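Next comes just one chain, in structure tokens: the form predicted alone.
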């Protein structure tokens, strides 16, 4: 049987509030990196907690490699490791002590735990920090220690919830490199609200909004959802009069205009804009465009790289 992570009509309801997850269905291979992309509050953490057997769904089902998250929770926990978004290091411990203690908690003997710590520290290049108190470590090193902690368990399925939130771009890029190496030997279920992170790391991408799965597939497969090959952005301050035979125009409150269109129309529009000496950019549809197209409203300024339609409104 093929190794798959599957959800069927997965729903989670908290009291009388709107569902945190609404009939989420997906089926993905448990290899490489799967990135679940969504804004804060989209339901990403709820989904990861259900899959990691930390939370019960209200209805529907979920399974990992044939093991049901409700009925086979103990078996699943033996094969996974989780790095929660809110995870924090104990400040008065060192990285070595932190990882050793976690392995004991996971059920390893003292000798097994001791033998695994050194290898895990070396793999993520943390040897020089192993005896430094956690409170003296930088934010980026702390996140690497947390990643090393779950890696030391030798679990082949890793759930990593927003691992780079709050990190500066240089440290974030360094952690991306580590995750890219790990995906050669592990399946990583990654949640993020950084579009660039999902585009750079993921083999498969899911887009979640208000608890609903809006898109699922490779980047090329997601492009087919939009149905247009090109995006043209006309800078603010211009007053373009553009008509497209096939496409969609989104005007933003900042004065810029985003056009999703076909290759033929893109060529004609760009020629017209050049003749009129308008400032614009043209490029193949990106994940950023796909996300904005599906969600139909702007995402928070700190969640994306080069936001399109920032503070914008969609005009039908």
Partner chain sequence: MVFMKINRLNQVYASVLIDAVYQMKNYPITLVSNVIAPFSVLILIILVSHGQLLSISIEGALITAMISSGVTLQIDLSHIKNDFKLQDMLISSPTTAFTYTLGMAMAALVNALPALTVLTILSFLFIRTNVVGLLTVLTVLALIFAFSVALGFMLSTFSTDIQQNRAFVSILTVILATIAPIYYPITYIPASIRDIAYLSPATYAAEIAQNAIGDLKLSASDLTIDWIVLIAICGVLFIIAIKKSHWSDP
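Residue numbers count along the first chain shown, from 1. Keep in mind the model is a prediction, meaning the values are calculated, not measured.
A second form of this protein, the form predicted together with its partner chain, is not displayed here; the remarks below concern that form.
- Contact check for residue 225: every heavy atom lies farther than 4.5 Å from its partner chain in the predicted bound form.
- Using a 4.5 angstroms limit between non-hydrogen atoms, residue 249 is distant from its partner chain in the predicted bound form.
- Within this chain, residue 139 is remote from the site of its partner chain in the predicted bound form, having no heavy atom within 4.5 Å.
- Although the partner is absent here, residue 86 sits close enough that one of its heavy atoms falls within 4.5 Å of its partner chain in the predicted bound form.
- In short, of 141-149, 118-126, 212-220, 194-202 it is 141-149 that has heavy atoms within 4.5 Å of its partner chain in the predicted bound form.
- Comment: its partner chain is not present in this chain, but in the predicted bound form one of 261, 257, 53, 46 has a heavy atom within 4.5 Å of it, namely 53.
- Checked against its partner chain in the predicted bound form, the candidates 175, 133, 167, 182 yield a single residue with a heavy atom inside 4.5 Å, and that residue is 133.
- Contacts to its partner chain in the predicted bound form (heavy atom within 4.5 Å) from stretch 102-127: 102, 104, 105, 106, 107, 108, 109, 110.
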